[in-house]
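Take a look at this single chain, the form predicted alone, given in structure tokens.
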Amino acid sequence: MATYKIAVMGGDGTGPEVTVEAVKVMDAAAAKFGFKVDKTDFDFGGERYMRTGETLPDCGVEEFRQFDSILLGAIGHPDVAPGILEKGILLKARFELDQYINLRPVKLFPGVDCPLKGKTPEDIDYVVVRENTGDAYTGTGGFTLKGTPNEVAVQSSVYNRFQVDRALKYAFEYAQKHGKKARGVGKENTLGLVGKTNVLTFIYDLWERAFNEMGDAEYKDIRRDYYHVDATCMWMVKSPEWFDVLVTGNMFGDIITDLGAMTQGGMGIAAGGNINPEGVSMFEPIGGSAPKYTGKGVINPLAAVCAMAMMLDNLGEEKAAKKIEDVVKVVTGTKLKSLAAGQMGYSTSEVGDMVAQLVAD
């Protein structure tokens, strides 16, 4: 029987509340599908920072290396200035653990209100593979004459071929395994590169050349498309059914995945993974810490549950992951009045209980 060592980091605000429910469902899936989870809790977040002055220390990163995966609730505290926790915990974990893929499914679940007129779950079902360690997020740049009328700020987008190639390889292989044809809902598996080759003629020239060279050499079974990022945003709203798997750089990926989350019904159902295919990955709901709802028991835990299902899939427990996703579809389609906090018709823990019971059945 497989045993997985899972680091659990509830974090801030409602993060611990939704993480408890995700763990509840994970335990039910483990019992149902015959694996074990060895869980260890970590308190990195705003409260610890205000108490000790530390975010994610180097020793914490080294501890994380000993785990098979990390389940995160949320980072962000109203009493801590923006950027401190995000850079000190989230970005540090991503960079130090080399979680070079950010995987963001964009999936409309049954019964979920969609802001796009006439679109159904069959129309909104694609995935964005975002490169997660390069681009403008590397911190390359700085200020000259800061605080003067002649101040200059430079923040450079930086990529090397190694970073681009490994992200593309992951995306091609994901398209082979999880594309529409592989799922039986389309005629071919398609990988679309999202860039801006008409303006960013260095960065996305590199991406496009690597994309086509790799596709020609190793992935001739995958159809390749190219989309400018601005056109991508338009078609994500107008015709999301066009998309299958998208791959892009860090900055564009950051933007289009939030747009995608809104088209699938909002942050309350969106989940993502920060993945190192050769190391330790971290999975989280996208909705943030929602501090105004802390302790009220009204927050929707389904994004955290979906993030945990992504984690299980990444660990190889594909049957358990599919079962959880199928149960979430039942819950959104037939049980909940809304995904909004306080409007579900159930408390946070009641939703977790419901999902866990249906997984166990």
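Not measured: the values here are computed from a predicted model. We number the residues from 1 along the sequence you see.
This protein has a second form, the form predicted together with a small molecule, left out of what is shown; the following refers to that one.
- Note that among 165 to 173, 110 to 118, 200 to 208, 84 to 92, the stretch whose heavy atoms approach the small molecule to within 4.5 Å in the model of the complex is 84 to 92.
- In the model of the complex, at least one heavy atom of residue 254 sits within 4.5 Å of a heavy atom of the small molecule.
- Residue contact with the small molecule in the model of the complex: residue 219 places no heavy atom within 4.5 Å of it.
- Put simply, residue 227 is far from the small molecule in the model of the complex: not one heavy atom of it is within 4.5 Å.
- Although the partner is absent here, residue 137 sits close enough that one of its heavy atoms falls within 4.5 Å of the small molecule in the model of the complex.
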